[in-house]
Structures are given as structure tokens and as C-alpha cells.
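There is one chain below, alone, in C-alpha cells, taken in the form predicted alone.
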């Protein structure tokens, strides 16, 4: 396998898969890198709402469909973590633990990861009651009480998913109102298995071998609640540690780009959740990818 490509895409989430497929279809030698499973965070979603136009409704099936199409188009998928990126030889050197690669242009589509609560017990109980995937782990909590932390779309969607398995879902939100789409708010209000705790934040996750309870802080003081699982959906942080410090970021760490989606470093582009200003939907990520792919192809061809 050659270590030199026209374009390297870092990340095989929806944005990365979209960009890679389009560039390969245009005849450019294209490689995509992913340190974990293809698909990114969408793999954790059993039913995409809304589902992408013309695509599978399930996250894993949708990502698998895109990955298969990319392989058919000639995309080289490299299962290695990118640890460094630098301008070199009129293009870029992309470094992993195993190899160094060269590309004329690079698209950063590394996405974002769920933020952690940063409270005692969260790390210790990972996989023993602390989870990031309602669809994956919900069946483990049949008829149990679990806590979901957050007030946005993801938190409310996942709370509803968990009611398919759990006896009760405590939805804990530090604010006084949800910031989710109205339809998700209505779904929560209409679901008798969901109990909402506004003005509350998790202070600690407690238990023995597994999670047994959480301690929350409210205006009235601290309170302990019996739960078997904890699911936190309090936002995302970008995966951009490998990007040179010279590439400017916003206050959240996301990469700043021009309207073309090119960063201040010529030939380096950013799309999807890692980019400052990208919306949170799959359609937004795919639109980013299409814009960047068209711009990159126009420059190289």
C-alpha cells in the first residue's frame, strides 16, 4: 500500500465518510483514518431522528452502508490513530504510531466525543453502570431506575430510549428549562416513566461493585438517589489534539475555518463536529463534507 495520497481524511464519522466517498468518486487517491469503529457517535444511535434522506434509519446500518460504498469507490481505510499533523513538502505529513503518510490536502473530520461529568465515581464505574450508549446498554437495566444527565436533544432522546427497558428514568438537568427541540421535550413530558429534576447537578456516583446511587446537588442541598446506571449527555468536545497549535480554535476548542471550510493553514480543511460553527445534525455534517470535498477537488484538479 502506498503511503502517499491526493487527500487524507482524518475520521470516519458521517462527515469523513461522506467527504472520502465523494473525493474517490472524482478520481482522487483518497485515504481515511479511524482509530476506533467507523461511523463515530452515530453508531450509538439505534434510530436516527430524523433519518438522513435516502439512508438507513439505524446509525450502525447507515454508517456500514457508507463504508461499503467508499470501499467500492476505492477509498483506502486505515485503522490507525492520527497522533500528529504537519505541513511538509508542499502538502502534509500525517503521523500515526505505526507509520507516516503524505497527502496534498487534508480534511479533518475527527468529530467530537461526549463530555464527562468529572465527578468522583465516573471513571471507576465505567462499564459497571456508567455508560455512554442507551441503545447498547439499556437492556442491561431491565426494570431498574437509571439517571440521564443533560438537557439537550441527546439527553432527552436517550431518556426516551431507556424507558423501553428501564422501570424509571431520572432526567437530571442543572437548568430550569430544556434546550432541546420542542418535539423531544413533548415526548419527555408525555412519558410516565421519566421523572425530571431541574436545577440539579450530579456531585458523585456511588456504589460497591456496580453503581448503586448518585448524589445530586439542588438548591435545597444534597440528596442521594438510588440508581443502577448513569448516562451523561452534557455536550461534546472536539477531537483535535493532533492538529497543530497554529490552527486557530474557538473557545470550545473547535477549529476555525473560512466560509470555504479551509483553516488558516492552506490545504487543511475542517468539517463536521470538529469545526466551529457546524450545526449538530447529520445533515449539517454531510453538507460540510460535500462543500469541502468540492473545494478540494477543484483545487487539485
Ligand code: NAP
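Positions refer to the first chain, counted from 1. All values derive from a computational prediction rather than experimental measurement.
The form predicted in complex with the ligand exists for this protein as well; it is not shown, and the discussion that follows is about that form.
**Student:** Contact between residue 168 and the ligand in the model of the complex at 4.5 Å, heavy atoms?
**Tutor:** No, residue 168 is distant from the partner.
**Student:** Look up in the model of the complex whether residue 198 has a non-hydrogen atom within 4.5 angstroms of the ligand, and give yes or no.
**Tutor:** Result no; residue 198 lies far from the ligand in the model of the complex.
**Student:** Does any heavy atom of residue 181 come within 4.5 Å of a heavy atom of the ligand in the model of the complex?
**Tutor:** Judged by the heavy-atom cut-off of 4.5 Å, residue 181 is in contact with the ligand in the model of the complex.
**Student:** Should residue 115 be classed as touching the ligand in the model of the complex when contacts are defined as heavy atoms within 4.5 Å?
**Tutor:** Although the ligand is absent here, residue 115 would touch it in the model of the complex, with heavy atoms inside 4.5 Å.
**Student:** Taking 122, 213 and 231 as the candidate spot, are all three within 4.5 angstroms of the ligand in the model of the complex by heavy atoms?
**Tutor:** No, the candidate spot makes no contact with the ligand.
**Student:** Hey, of 101-109, 74-82, 172-180, 123-131, which bit sits against the ligand in the model of the complex at 4.5 Å between non-hydrogen atoms?
**Tutor:** Careful reading of the contacts points to 172-180.
**Student:** Of the options 244, 266, 235, 27, which one has a non-hydrogen atom that comes within 4.5 Å of the ligand in the model of the complex?
**Tutor:** Looking at the other structure, the residue within range turns out to be 235.
**Student:** Considering the ligand in the model of the complex, which of 153, 144, 137, 203 comes within 4.5 Å of it through any heavy atom?
**Tutor:** Partner contact (heavy atom, 4.5 Å) among the options: 153.
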